[in-house]
Ligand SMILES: Cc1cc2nc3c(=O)[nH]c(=O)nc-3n(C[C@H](O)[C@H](O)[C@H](O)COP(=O)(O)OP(=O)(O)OC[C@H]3O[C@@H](n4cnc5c(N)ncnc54)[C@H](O)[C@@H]3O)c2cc1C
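What follows is a single chain, given as structure tokens, in the form predicted on its own.
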Amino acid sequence: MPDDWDVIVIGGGLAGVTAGIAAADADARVLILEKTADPGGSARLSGGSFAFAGTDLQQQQGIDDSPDLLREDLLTVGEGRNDPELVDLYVAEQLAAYEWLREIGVPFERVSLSSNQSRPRTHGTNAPRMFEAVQDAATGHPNITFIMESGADRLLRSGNRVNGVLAGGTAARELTAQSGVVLASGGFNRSKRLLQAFAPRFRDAPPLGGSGNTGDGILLGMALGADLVDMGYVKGTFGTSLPRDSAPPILLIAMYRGAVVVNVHGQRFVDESLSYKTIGDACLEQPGAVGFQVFDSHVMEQTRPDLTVNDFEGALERGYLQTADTVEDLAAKLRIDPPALADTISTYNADVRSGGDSRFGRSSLGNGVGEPPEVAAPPFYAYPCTTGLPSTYGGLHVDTAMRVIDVFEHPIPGLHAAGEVVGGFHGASYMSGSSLAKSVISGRVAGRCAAGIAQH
């Protein structure tokens, strides 16, 4: 293997591989470094949700959506704290990203409603198959080389310009990048050190996502004076399964299909139509930080094996759900007072029939869309869960060319970033589906721009 490349990408997840493909398509010789044994990172383990607006698939389902409405929603969800230029970049590039994914073989079969969307715009796909298609596009590219189980120890510079990577640990070697380096190493939800520094509330929250999400890219950037943004907006996600002896944690979201959420006393504690980030905050205030998503057979019928957060049948088969023919029997299995849960469900159903939620004002399935149904058709199901940390979203400050910006607000020459390691896009909160789409969009831009430096 040569030591000299045009572009070196640190991270073999969705953003990194996408960046590598974009750079290679621009005739750059690309090396992708992945510190784990398998590429894919969090994307391979995700729910497979992409937030796109104005697609042909939406039109086929009669969904009235547009890029302008997508932009408005992203800024509203982010409470105006997101960088509007990064939001504009996402909106401008998202349809091209959607078409590119389909061209390389990623199937999108149906659009559904997810958290913080004013229109159904979650384009769901099977996450492992999605990444397999992206990886195939990269491994089949003559300009791309992968190295697994090789992280980056330091960024190298010539003068003030990043021009390579020290990689390989004890057998370290210097790898030169004539054009530049792209940081795409994911977030920091598995770094106790960085969580303690920036989000101590979640230091011991169950982590989801890639095993390599230990903040490497953030540390590499900080060592060169990179600025950080949105680090104070780290939020957990409600719907993370409780720890089990041997089973891996999962994320399951039934609220937006009609489930109600109760605590260990069988009492509702939140408007279930709110963002699962907001519900996650509320769950942390409950006894044991535990909640139960309770639903009936009508919700179970909406199971989607291609969208893991809605794969209710799969969760049942793997033992993550409890089920019973009556609410009282379900409560007994959950060790919840049966009369208390029965009264909660009865009150909720009466409110649904009267058209108003007397406890928390729930009026929709999610974010003003859809009408909540009664929880009345046996059998009944419950999913015990808590607030976990699938991702972090805060990270390196970048501009619209995905150049990393230093603490004095100047670009660091030769250094780009993409994916979850990047901050500034989401702002104070998060629209479901925007993370995977951001990884593809920012990866494509970072790869093109990094390769473009060598062409001038």
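No experiment lies behind these values; they were computed from the predicted model shown. Just count from 1 along the sequence shown to find any residue number. Superpose the two forms; the largest set of C-alphas matching within 1.5 Å is the rigid core.
Only in words, not in the display: the form predicted in complex with the named molecule, which the text now covers.
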Can you tell me which of 66-74, 404-412, 53-61, 386-394 lies within 4.5 Å of the named molecule in the predicted complex, counting heavy atoms only? 386-394
With a cut-off of 4.5 Å between heavy atoms, is residue 208 one of the residues that contacts the named molecule in the predicted complex? yes
Classify residue 164 as contacting or not contacting the named molecule in the predicted complex by the rule of any non-hydrogen atom within 4.5 angstroms, answering yes or no. no
Find out whether any non-hydrogen atom of residue 35 is located within 4.5 angstroms of the named molecule in the predicted complex, and reply yes or no. yes
Might residue 293 be said to contact the named molecule in the predicted complex, defining contact as any heavy atom within 4.5 Å? no
Candidate spot 28, 182 and 417, all three in 4.5 Å heavy atom range of the named molecule in the predicted complex? no
Determine the residues of 34-49 with a heavy atom within 4.5 Å of the named molecule in the predicted complex and present them in sequence order; the list may be empty. 34, 35, 36, 40, 41, 42, 43, 45, 46, 47, 48, 49
Displaced residue check between this form and the one not shown: residue 308, CA, 2 Å or over, core reference: yes
After core superposition, I'd like to know whether residue 252 moves between this form and the one not shown (criterion: C-alpha shift of 2 angstroms or more). yes
